[in-house]
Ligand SMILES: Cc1cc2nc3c(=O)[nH]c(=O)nc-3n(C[C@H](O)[C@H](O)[C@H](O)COP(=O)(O)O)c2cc1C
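In structure tokens, one chain follows: the form predicted alone.
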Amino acid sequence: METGKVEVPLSSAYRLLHPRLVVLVSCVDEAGKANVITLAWSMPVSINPPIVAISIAPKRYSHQLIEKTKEFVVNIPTMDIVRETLFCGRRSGKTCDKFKETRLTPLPAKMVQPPIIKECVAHLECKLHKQITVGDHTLFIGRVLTAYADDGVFDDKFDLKKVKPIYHMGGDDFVTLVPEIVSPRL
């Protein structure tokens, strides 16, 4: 019986879960020098207490920074800085200063050493709660110490007429949401 389904290679199976929200995670080295990494693999894992998880390959420079300093900030970028967001995902902070190269603005965070990124619309400051090796990535689980957003763009959810969050399709392709919200009633 023909189902109309085609096999997806297991090496691409994760992309069946895309598009995924893109975040810019800021972290610092032991001397306090800031770095930023672009990730599409992030998610909330607990509401109370508020905990989020990010997934990073051990070969990435930010992996060792978070492992050592045990702090990071999850920043929410918009389509206004999609080019800078791609740059931060394609270059290593080991060999370049991403803030300088992209002209993104690091600002002091409220409760952790890594900076927030001024051009992002929201920020979750996190203290490392636990890290778990899962296959070829490490899951960094962070307790959210404080979270905040630009005034006027978030009221229990983002105002999509004002904010165009970045979603990763795969490779160098990104999309955003249209301001049509569907709330089905049962």
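Just so we're clear, the structure is a prediction, and the values are computed from it rather than from any experiment. Start at 1 and count along the sequence shown; that's the residue number.
Below, we turn to the form predicted together with this ligand, even though it does not appear here.
Contact annotation: S55 falls within 4.5 Å of this ligand in the predicted complex, judged by heavy atom distances.
Residue contact with this ligand in the predicted complex: G89 places a heavy atom within 4.5 Å of it. Interface residue remark: I51 is not counted as part of the site for this ligand in the predicted complex, having no heavy atom within 4.5 Å. In the predicted complex, none of the heavy atoms of A122 sits within 4.5 Å of a heavy atom of this ligand. Note that among 157-165, 39-47, 143-151, 126-134, the stretch whose heavy atoms approach this ligand to within 4.5 Å in the predicted complex is 39-47.
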